[in-house]
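Presented as structure tokens, the chain that follows is alone, the form predicted on its own.
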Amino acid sequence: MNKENKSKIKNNETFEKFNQKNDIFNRSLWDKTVRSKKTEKFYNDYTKPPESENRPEGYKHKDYAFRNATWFMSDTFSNIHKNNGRAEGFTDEFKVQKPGTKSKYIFKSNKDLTDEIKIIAKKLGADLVGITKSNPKWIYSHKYRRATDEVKPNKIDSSLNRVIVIANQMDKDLIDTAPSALSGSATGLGYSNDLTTILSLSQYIINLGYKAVPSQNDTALSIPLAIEAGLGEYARNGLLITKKFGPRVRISKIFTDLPLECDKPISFGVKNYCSICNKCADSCPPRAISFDKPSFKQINKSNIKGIKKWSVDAEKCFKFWASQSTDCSICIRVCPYNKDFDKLTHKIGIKLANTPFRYILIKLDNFFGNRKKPSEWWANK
């Protein structure tokens, strides 16, 4: 592990830090080009599930009821300070921690500390853990207050110079029913499980006498920090690809002043694979995923400016979500990296993906990734 890793994410002179107001979910609340009656129904259905049974399979009352139940813990903590206009985990960092000790616990070495934090994180529910420095490029330039449509500069304590990045897997069987309201349960479970992990780990750090600020979608861009923390690579579908779970993960993070050692970014062939595999782009109903090479092109204001990467058209993506009244996840389901890598065949496959054999693997993968009927999930749950 190196002490100060350097980002491998390329930017040019047009680079601008991202304003949280331009996140597509925030835009769906204030931007008339995104907001619609379907948008309002999309959010309302997360509060009160549709009761009509005159719906396609996977979008019935029970599917929505389960999906909304998986979001319960996340929604509860998000709204814990709602009267102050906060949406914790989405536009605001969490502020539910109890005070810790005044004196700092002294560790034998930074390496021992780093190893221990990773062990504790996994005991508290984390599937993957990486450490990186707090790169100011990925910190939002401004924070957005949904309740008042207020935008203000995003200030973060300069002593919080390390970020613990956590990735938790989402349930594959649920994802395999995408698109459906049922598959949205995997997302809700992901957020709720992340919540338990980062709040508990943050409290452990605070109990040791250090600072910890738990964060989900708020404060900073998660994917670049996850890449710099060595958790995976960026993919054509705009998601993080991990070695163990592919794109089937939720990402959360903790900003801290613990003197942790940083991990290095990793490379295991994702860029080369995505360069010739267009399965996510072919399968995307609204055609929000690009068939082109990575570029500095900014599709719309919901993309960060001046970064070379594959960019997804968030406007097209979200409008499809709104039309379905649930999130989509098709690009996760069909991704060739969406496998159970505990199985030997898939372990071999991920190694071959970084060789010329990737061309054969892509053809073979056409036999996998088919949608599971939601009725099958309910029958075999």
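A quick note: this is a predicted structure, and the numbers were derived from the prediction, not measured. Residue numbers here begin at 1 and follow the sequence given.
This next part talks about the form predicted in complex with another copy of the chain, which is not shown.
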| item | value |
| --- | --- |
| Trp30 within 4.5 Å of another copy of the chain in the model of the complex, heavy atoms | no |
| 4.5 Å heavy atom contact, Tyr46 and another copy of the chain in the model of the complex | yes |
| Another copy of the chain contact in the model of the complex: Tyr105, any heavy atom under 4.5 Å | yes |
| Contact test in the model of the complex: Ser109 vs another copy of the chain, heavy atoms, 4.5 Å | no |
| Proximity to another copy of the chain in the model of the complex (heavy atom, within 4.5 Å), stretch among 22 to 30, 311 to 319, 60 to 68, 325 to 333 | 60 to 68 |
| Interface residue in the model of the complex among Ile266, Leu124, Val151, Ile156, criterion: non-hydrogen atom within 4.5 angstroms of another copy of the chain | Leu124 |
| The single option of Ala220, Leu258, Leu189, Leu128 touching another copy of the chain in the model of the complex, heavy atom within 4.5 Å | Leu189 |
| Site test, Glu16, Lys38 and Tyr140 vs another copy of the chain in the model of the complex, non-hydrogen atom cutoff 4.5 Å | no |
| Residues in 107 to 144 with any heavy atom within 4.5 Å of another copy of the chain in the model of the complex | Glu116, Ile119, Ile120, Lys123, Leu124 |
